[in-house]
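Taking the form predicted on its own, here's one chain by itself in structure tokens.
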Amino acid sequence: MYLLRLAIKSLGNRRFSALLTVIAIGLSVTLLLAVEKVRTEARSSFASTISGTDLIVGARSGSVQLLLYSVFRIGNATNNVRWDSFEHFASHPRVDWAIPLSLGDSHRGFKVMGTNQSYFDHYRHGRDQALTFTAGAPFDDLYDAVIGADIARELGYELGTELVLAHGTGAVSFVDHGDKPFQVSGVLARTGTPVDRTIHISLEGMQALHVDWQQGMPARGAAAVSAEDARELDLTPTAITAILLGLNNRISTFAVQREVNQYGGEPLQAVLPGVALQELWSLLGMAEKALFIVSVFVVLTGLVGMLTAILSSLNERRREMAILRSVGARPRHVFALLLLEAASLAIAGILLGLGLLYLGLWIGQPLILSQYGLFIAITPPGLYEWTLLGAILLASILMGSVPAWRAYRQSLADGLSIRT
């Protein structure tokens, strides 16, 4: 215990360099734990981009491709799903609810998706969080549109804003639906998912946009159908892009999946969202590992800074060592003293890093949630985090053994006898 008090007093005598070392270690620990926490929460949020949905049904392709275009709005479907196929599975006795999704148009680079009221009732994200509105309500009129939070923020749209949808999913389109403008009826709260960058309209509205289109171009003259005339037509869709299914009992998931895959009406595929998300995440795992490795090297840089500070002070502390020897300290005491100094600096840095981490989380949690839709829970470090901190402490002790060994050899060279 007296060696620990002596180590702390010795560090206090060199408080400026010790403080800089503690700050360097603290900042590197903060970065490591912050990266790990964001990585963990981002992975959890990624896996929860869609939750509560048991199966995603679409035309046969790959599971990742089906997930990308139906949930992340990336890419295009290889084929559509007939409306009678949707009605077949929506009325299936094992299906609790079904959400139709129809993609194909855009607005200033943002995807437009046709759906129905079931989307707002049953779609879940994150930890089983429902969609909520910051303004307005779901579409009620044929030409109503519900926009995501990012669209409202980036384009400055609000309730009642008129928008003209464009044909196709590209950022630039040369053909639009200017004869049938929509208006914003609702703005969704931020979710941190592709919902934030999606314009939602009714399936009937999607059908009305293309009711007078022929071979990918709008009809001209007498064949054209006005916005008001379209209201009088039967706007039941003939095909959609994908279906989200929620089952009465998850035990029947594989049975319904097999039934979809073997459906005789048309070639369809059903995938489990969780499995497809894990498959997609595995493709992105390299970037995740690279970020973690960078943060580990930052911590090592902080520990090397501690090692450099202790080594550079050895020559300046020859008088201190001589005084310790004169009062009976042995080489092993000098060795233990320097090890305790290194451990004390590491522990202080770890505590500072933890304090900075939780202070940053407390301050930044609302901002991160509002800007990026990522909820980072303020929870005590788990077993994995404590293992990382233990590894940092062990590494600091191992690095501290280098100057401690040099001091030990120096004490022997100065003629101090070793008694065991």
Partner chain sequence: MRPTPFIIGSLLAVISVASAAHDHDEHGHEHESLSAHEHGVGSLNLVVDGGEVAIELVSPANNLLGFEHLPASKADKAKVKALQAQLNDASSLFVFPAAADCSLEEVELSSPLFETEDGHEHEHEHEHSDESAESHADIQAHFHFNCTQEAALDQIQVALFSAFPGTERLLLQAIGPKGQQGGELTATQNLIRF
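All values derive from a computational prediction rather than experimental measurement. Residue numbers count along the first chain shown, from 1.
The same protein has a further form, the form predicted together with the partner chain, not shown here; the description that follows concerns it.
Though the partner is left out of this view, G246 does not reach within 4.5 Å of the partner chain in the model of the complex, counting heavy atoms only. Contact check for Q262: a non-hydrogen atom falls within 4.5 Å of the partner chain in the model of the complex. Although the partner is absent here, P273 lies within 4.5 Å of the partner chain in the model of the complex, judged by heavy atoms.
Among heavy atoms of P381, none comes within 4.5 Å of the partner chain in the model of the complex.
This chain is drawn without the partner chain; in the model of the complex, the residue among L351, L393, V64, L27 with a heavy atom within 4.5 Å of it is V64. Proximity to the partner chain in the model of the complex, taken as a non-hydrogen atom within 4.5 angstroms, holds for one residue of V225, L300, A239, L291, which is L291. Just one listed stretch, out of 278 to 286, 204 to 212, 332 to 340, 154 to 162, contacts the partner chain in the model of the complex at the 4.5 Å heavy atom level, and that stretch is 278 to 286. Contacts to the partner chain in the model of the complex (heavy atom within 4.5 Å) from stretch 229 to 253: N249, R250, I251, T253. In contrast to the form presented, in the model of the complex the C-alpha positions of W362 and R153 draw closer by 3 Å or more.
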